[in-house]
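Below you will find one chain, with nothing else, as structure tokens; this is the form predicted alone, and questions on how it binds or moves follow later.
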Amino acid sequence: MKKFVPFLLIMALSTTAWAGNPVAEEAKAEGKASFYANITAIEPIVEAFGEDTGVKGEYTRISTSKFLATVLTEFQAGKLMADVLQAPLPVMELLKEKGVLAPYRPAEADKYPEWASKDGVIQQFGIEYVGLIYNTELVKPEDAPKRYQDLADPKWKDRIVMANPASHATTISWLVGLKENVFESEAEWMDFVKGLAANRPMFVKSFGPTPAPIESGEKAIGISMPKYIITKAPAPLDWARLEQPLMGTPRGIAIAANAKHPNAAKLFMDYFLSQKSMNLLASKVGEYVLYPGVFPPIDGMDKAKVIPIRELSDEELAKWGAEFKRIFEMS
């Protein structure tokens, strides 16, 4: 087990730690770094960046569904305002193919797993992890699922909420990820999918709306993100400690090829990947990050196995989305 790094120790990092950064002075002359991201609630990192470096950070949140179209439209018109971009890895890979991203490998990359920074352009820093969260006033810990298969138990009928598996790309990829990483056979996996469908889950558009019906007691459990235990506190939420791994889409960050503030962009990316920022991301936002020894303050999460799922092609997403639509509509 990786040793946990005390949060207060990291927060004590002073501005002098960034004074020696070779691009710091040039970044100060440029004045600011503009950051487009799909990740939410990262204002603490942007504020700390300004305080520690003397360079202003400007954060614009763009939803995953609109991220690619927004960035490509601005880029092709020569009006992309972002210096740094952050999105799920599949989106970042598409931006790389379109020439939107510039090569840059910060020194902090060496502290991450080797697979997280293999191309010298996109740095993976976390996993958008998916699990099962439940209402602690309605479900006792001993009654929570121990395996994904347990969600197919009829006791959960009409008590589940999840993002629509016919249209939500991450949920489609997650379900396929279960087939490829958890279940022993495709037949066993398909039995699970049909069992889940038979329990008639409530569908919402994305992960964002999944906690609300669990918090209110309308539903008891959901296929959702454990980070909501932090961001929705003190809501009565906990996560099911499964015997199997949690899975999710890797999160990536990179510099824009036409960054108007290139040195500030490098400084921001260096800072974002630092131990201090990753502690903020884990502690304040509940994210699962790849920096060694840093975990969200969710009981038991430091012992969980969290693995990345592979990127599905557009054809695979369309195929499985249609198949899940058929299965869930039949139930």
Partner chain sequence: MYAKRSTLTPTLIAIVGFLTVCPVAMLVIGSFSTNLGTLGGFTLEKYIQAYSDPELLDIIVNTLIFVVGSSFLATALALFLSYLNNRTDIPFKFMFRVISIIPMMIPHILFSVSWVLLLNPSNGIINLFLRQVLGMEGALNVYSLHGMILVEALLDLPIAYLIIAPAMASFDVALEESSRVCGGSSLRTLFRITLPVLRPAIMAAFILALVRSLASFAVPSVIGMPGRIYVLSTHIYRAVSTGFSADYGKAAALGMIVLASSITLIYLYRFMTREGEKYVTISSRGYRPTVIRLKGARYPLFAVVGLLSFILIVLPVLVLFYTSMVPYSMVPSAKAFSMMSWRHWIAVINDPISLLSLKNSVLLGVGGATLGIFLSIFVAYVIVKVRTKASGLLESLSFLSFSFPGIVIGVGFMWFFVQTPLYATIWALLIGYIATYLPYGVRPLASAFVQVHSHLEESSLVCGASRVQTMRRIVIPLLVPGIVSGWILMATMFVRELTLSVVLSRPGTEVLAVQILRFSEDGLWGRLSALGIIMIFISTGLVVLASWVGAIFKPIQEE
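Positions refer to the first chain, counted from 1. Given the structure is predicted, the values throughout are model-derived calculations rather than measurements.
There is another form of this protein, the form predicted together with the partner chain, and it is not shown here; the text below is about that form.
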{"property": "Residue 271 within 4.5 Å of the partner chain in the predicted bound form, heavy atoms", "result": "no"}
{"property": "Any non-hydrogen atom of residue 305 within 4.5 angstroms of the partner chain in the predicted bound form", "result": "no"}
{"property": "4.5 angstroms heavy atom contact with the partner chain in the predicted bound form for residue 30", "result": "no"}
{"property": "Partner proximity in the predicted bound form: residue 74 to the partner chain, non-hydrogen atom cutoff 4.5 Å", "result": "yes"}
{"property": "The single option of 94, 102, 193, 139 touching the partner chain in the predicted bound form, heavy atom within 4.5 Å", "result": "94"}
{"property": "Answer option from 236, 145, 106, 177, heavy atom within 4.5 Å of the partner chain in the predicted bound form", "result": "236"}
{"property": "Stretch in contact, per heavy atom within 4.5 angstroms of the partner chain in the predicted bound form, of 251-259, 112-120, 160-168, 181-189", "result": "160-168"}
{"property": "The partner chain in the predicted bound form - contacting residues of 214-248, heavy atom within 4.5 Å", "result": "215, 216, 217, 218, 219, 228, 231, 232, 233, 234, 235, 236"}
